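Encoded as C-alpha cells, the following chain is the form predicted alone, with no partner shown.
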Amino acid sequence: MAQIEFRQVCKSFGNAKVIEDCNLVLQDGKFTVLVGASGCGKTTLLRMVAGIGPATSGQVLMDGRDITDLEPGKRDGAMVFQNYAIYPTMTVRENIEFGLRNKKVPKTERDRLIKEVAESVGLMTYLDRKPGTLSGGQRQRIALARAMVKKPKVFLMDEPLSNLDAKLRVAMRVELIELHEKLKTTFVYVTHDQVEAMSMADIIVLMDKGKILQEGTPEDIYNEPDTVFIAQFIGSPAMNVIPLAEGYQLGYRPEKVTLDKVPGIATYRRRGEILTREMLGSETLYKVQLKDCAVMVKSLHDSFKMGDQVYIQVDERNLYYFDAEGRRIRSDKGSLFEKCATLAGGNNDA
C-alpha cells in the first residue's frame, strides 16, 4: 500500500497553468476518486503519480519518498487506461504475462501469478482466447489483471469504465469496489461522472480549473458542500438553487422535497404546477413551476400528473444558503444565517 502526497505541485503546458500550488494527501489503502469536468486537472495529477507527465515544480512523494523525477517503471504503481491498452494479437494469458516476462520472472512464478489474478477477476476460462473475441467488460478485466499481477502499491485508473455501456458500468463499479476490499491497496481513480465518484469512493477530491475545491467522504461532499458549484455538481438531479433578495441564494436537493395537494407546516412552502413527469422506477422526477422559477422534485410517489396544482415543502434542516459568490453560509454565521432563513421564509406562498 502507499500514501501519495503532492507538495506545492504546479503543472504548465507552455504558458497555460493546468495545476497551481496543489497540496494533497491521498491516503494509504483508500479508494480515492478525483472527480471534475473535463480539463479540470484530475488526469494531470494521476499522470504525475504514474511518472508519465512530471510536475513542472513541487514534489510528489510516495510513502515519504520523493518520486517527482523517478522513472515510471520504478514507482510501484500500475495504471489502467480508458482504452484498456491491451495487445490484440496476444492471448489473455500473454497480455497478463507481458510485464512479468520483461522483468524476467521465472516461468513457474509467472504461471502461479497469472492463475491467481485470473481467478480473482474471472478470466480463467478465457486465458487462451484473443481480446477481440471477448466483451468490453472482459477486456477491462484483462487490463485490471495485467495491473494486479505486478503487485503494485497503488492502482491508478483513468476513466476505465467510460467505454462500457450503462449496465456494464454498474456491474464493473461493483467489481472494482469488491476488488479494492480484497486487495486493501491504494486506489486512485479519475472520472468526470459524479455517480461513479459517489458510489465507489472512500474519499472524493472534487476539482475545477486546476484547483481542489473540496475533499471528503461522499457523505460529507453531498451533505456539506462548500459552494453552489459543489452542491450542483454532486447529486442527481442537481440541487435546486434559487435567488433570494440582496444576492443571497437558497438551495435544496430534489430528493428532500415533499409534494402534496395541500399546504403543510414545513419551514419552506411554495405553490406550483407540475410541468413534466418522468418515471425512474421506484422514484418519479417532477419539474414544478413556481411563481418565479422552476424546480426539480424527486419523489417516491407517482400519483401526481402534469398540470396538477401542488405544494412543495422542505424542512429547515434540508435548506442551504449561499452568498452572492456562491460560498456556503452555515449556521455558525449566526445573524447572517438567520437573515437568509428569513429571506427564504418570505418567499412562502402558503
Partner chain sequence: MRNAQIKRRLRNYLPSLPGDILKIVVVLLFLFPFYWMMITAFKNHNEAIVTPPTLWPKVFTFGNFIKISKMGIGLTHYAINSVAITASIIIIQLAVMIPAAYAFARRDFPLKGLLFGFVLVAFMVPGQITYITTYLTMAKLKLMNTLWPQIIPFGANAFGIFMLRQSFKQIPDEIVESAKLDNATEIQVMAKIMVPMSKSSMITIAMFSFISHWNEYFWPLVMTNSEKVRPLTLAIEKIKDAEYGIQWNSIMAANCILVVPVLIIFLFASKKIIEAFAYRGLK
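Here the rigid core means the biggest group of C-alpha atoms that line up within 1.5 Å when the two forms are laid on top of each other. Positions refer to the first chain, counted from 1. Everything numeric in this text was worked out from a predicted model, so none of it was measured.
Not on display, but discussed next: the form predicted in complex with its partner chain.
Annotation: in the model of the complex, residues Leu275, Arg277 and His301 none come within 4.5 Å of its partner chain through any heavy atom. A single residue from the set Met207, Met79, Ile114, Leu161 has any heavy atom within 4.5 angstroms of its partner chain in the model of the complex; that residue is Met79. For the options Val257, Ile86, Ala197, Ala118, the residue carrying a heavy atom within 4.5 angstroms of its partner chain in the model of the complex is Ile86. Figure note: of the listed segments 27-35, 305-313, 287-295, 42-50, the one touching its partner chain in the model of the complex, with heavy atoms no more than 4.5 Å away, is 42-50. None of the heavy atoms of Arg173 is located within 4.5 Å of its partner chain in the model of the complex. Shown alone here, Arg269 lies farther than 4.5 Å from its partner chain in the model of the complex, counting heavy atoms only. At a distance threshold of 4.5 angstroms between non-hydrogen atoms, Arg141 is out of contact with its partner chain in the model of the complex. With a 4.5 Å cutoff on heavy atoms, Gly122 does not count as touching its partner chain in the model of the complex; it lies far away. In the model of the complex, Phe98, Gly99, Asn102, Lys103 are the residues of 98-113 with at least one heavy atom within 4.5 Å of its partner chain, listed from first to last.
When the rigid core is held fixed, the Cα atom of Val195 travels less than 2 angstroms between this form and the one not shown. Phe81 shows a C-alpha shift below 2 Å between this form and the one not shown [criterion: core-superposed Cα displacement of 2 Å].
Core-superposed comparison between this form and the one not shown: CA of Thr185 displaced by less than 2 Å.
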